[in-house]
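Here we start with a single chain on its own, the form predicted on its own, put down as structure tokens.
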Amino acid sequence: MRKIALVNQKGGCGKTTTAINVASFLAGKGKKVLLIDLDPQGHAGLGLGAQGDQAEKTIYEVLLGEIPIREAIQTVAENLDVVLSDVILSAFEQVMAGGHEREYKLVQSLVDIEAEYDYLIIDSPPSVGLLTFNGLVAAEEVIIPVDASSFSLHGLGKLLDTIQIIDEKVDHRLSVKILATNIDRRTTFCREVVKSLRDRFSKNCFKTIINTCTKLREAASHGKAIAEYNTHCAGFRDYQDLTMEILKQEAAMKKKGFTIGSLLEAEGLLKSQVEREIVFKLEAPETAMVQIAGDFNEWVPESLHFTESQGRPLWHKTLSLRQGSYEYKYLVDDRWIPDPDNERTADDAYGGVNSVISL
């Protein structure tokens, strides 16, 4: 599986448009493609006619270890599957603050499905944070869309510095390609931007240029890729050419590529197939003393960590559990309560109920 992340901390540069249309064209060429939306805005899903805020399971639950990624996958077209996101993904960085191996949550989730796809396309958020780091660690290739603006050119250097940090921190080298987007060749400024990119990054620029095209915006507003919306516009021809350029690199990238399992094994992060990380969460006042106890810790209460998520006081704790069924309860101050977000219960020995989780 080739793993490509679309990254740029600047919004409006064509990152999501590129993710949607490259994924669609690859699927049209008979490649089995998985598109993962790591942007809390959820625009990749919207651009393909799927809405994350209406999905039962999203990438947020996957990253927290609550569900395997297979349960969040949706099919939107022949050969094209997606994992959606919604605004709650914004809380991921807060919930995982100080968490162990937090940059590896996405790559760990991909182990079981890697052999099922030819391509993984990751749409990153317009920021350089924990979500983007997860995307970069899971990828082997990076496409940086750069539109014709001084802000994009300025931010490109900072983004390359971030990619260098990934290389140094986890010894994970990424193949970087720069894509000029939203280019109006009639203007001197746009022509100069393209020339500047090719002069400075001659070996790392795509030959293809994505020209300004209103039909691309129209297609996204209708929840369609350009190949489904209009096959006679510049946007269709440009993304078709870009996809062919990516496909021509396939043989070379396979030689350089890595498997998810090999990366995790090298980092000592490959989990036992019978063990999963589960995030327990409870909404309770910041002034409370919140603990959890259950079969998994011999009913010895352990403290949860406090964070504020979207204005809500949230307590959380991540536990690694082996396959099996566990009963548990929260201890809030001096009061035992079952998990209000878990409908599965079992009678306890005191006339109440314990919450039950099965893995």
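Position 1 is the first residue in the sequence shown; the rest follow in order. These figures come from a predicted structure and were not determined experimentally.
In what follows, reference is made to the form predicted in complex with a small molecule, a form of this protein that is not presented.
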Only one of these stretches, 71-79, 186-194, 93-101, 215-223, has heavy atoms within 4.5 Å of the small molecule in the predicted bound form; which one is it? 215-223
Any chance Q240 has a heavy atom within 4.5 Å of the small molecule in the predicted bound form? no
The small molecule contact at P338 in the predicted bound form, heavy atom, 4.5 Å: no
Wondering, does S24 line up within 4.5 Å of the small molecule in the predicted bound form on heavy atoms? no
Would N182 count as a contact of the small molecule in the predicted bound form, using a 4.5 angstroms cut-off between non-hydrogen atoms? yes
